[in-house]
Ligand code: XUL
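One chain comes next, on its own, written out as structure tokens in the form predicted alone.
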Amino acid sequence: MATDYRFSFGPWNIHEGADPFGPTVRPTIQFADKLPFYKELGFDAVQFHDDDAVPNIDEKSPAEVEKGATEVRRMLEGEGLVAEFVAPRLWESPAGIDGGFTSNDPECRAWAIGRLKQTADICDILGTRLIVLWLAREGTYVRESKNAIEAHHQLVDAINQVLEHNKNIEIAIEPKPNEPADQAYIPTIGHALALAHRTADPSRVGGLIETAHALLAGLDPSDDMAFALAEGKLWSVHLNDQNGLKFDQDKSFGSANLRGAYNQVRVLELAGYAETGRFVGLDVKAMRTQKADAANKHLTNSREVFLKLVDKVRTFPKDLEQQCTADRDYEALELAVLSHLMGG
């Protein structure tokens, strides 16, 4: 199988199986004990939240944050790993309950911007340029509770402040239409890149597309990726799958819609994404029913499906594709794709 892609996942993707309707079902694995799994499973990089790198980050001094992040960098190097990105996790703090950057409380907005700047500092220590900005609670449950016009200005201001704070950093905005906010302010990649173009340095602001997030918006993830790739702005992907318009399921890649997964791989291949050196990130969760000693198969399965689909894309007969499109015989093309995926 093709191996020219590099893969990442986050430590939260090996988890205890709790959900909103039930407690944990698997034992906790400490962060340090998760790192050896990465190379064993065929992964090269770790995705971080700021408080993955430095737990209880709001309670620590700048010197303590630097010390903690430096220790994590040492651990990564010891395992032959790198950090792909760091993302500020604002949504789990009481200060971020109403959205950090768009909160009506100026003290909360200042706290959120402070965490964003601190995230940039942690990036420097861990050896990555990339911040991922998932604007989880930046939205509303009650429209009249905020001035949505002002909220978009506040988001641009927050991004501008971190761009000024750290001239090396890049920001990838990760859009999602809902959950946990009822309606998010930046629901799609189009919104994200429009926001990026309003910042002080658009060349350093791009996007990250997650399969499930695009599907929750009623969009096709491969077309979303194509849009960002056409703009030169697809700086990471979070591949998974989603069974319908419901909560964010983070199913294994290709498990619900194999053809949809094929087209996501196809567009990455068309763009030469592997050659950019950017990572294929997986954001997949083990099923709650999965027993503990096999609760990493969702990661290996997703990576294997991706690589098999790379081979499927590369071996699809291009002459047949060209002939079908020239003849406008799209039924023939559709059957050819389905037959190829089924091994026919």
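These numbers were taken from a predicted model, which means no experiment stands behind them. Start at 1 with the first residue shown and count on from there.
There is also a form predicted in complex with this ligand; it is not shown, and the following applies to it.
For the chain shown alone, D121 is not a contact residue for this ligand in the predicted bound form, no non-hydrogen atom being within 4.5 angstroms.
The closest non-hydrogen atom of D283 lies within 4.5 Å of this ligand in the predicted bound form. With a 4.5 Å cutoff on heavy atoms, W91 counts as touching this ligand in the predicted bound form. In the predicted bound form, none of the heavy atoms of E170 sits within 4.5 Å of a heavy atom of this ligand. Segments offered: 151-159, 174-182, 217-225, 138-146. Contacting this ligand in the predicted bound form at heavy atom distances within 4.5 Å is 174-182.
Distance criterion of 4.5 Å from any heavy atom to this ligand in the predicted bound form singles out D248 from the list D98, E79, D201, D248. Along 123-153, a non-hydrogen atom within 4.5 Å of this ligand in the predicted bound form is carried only by W134.
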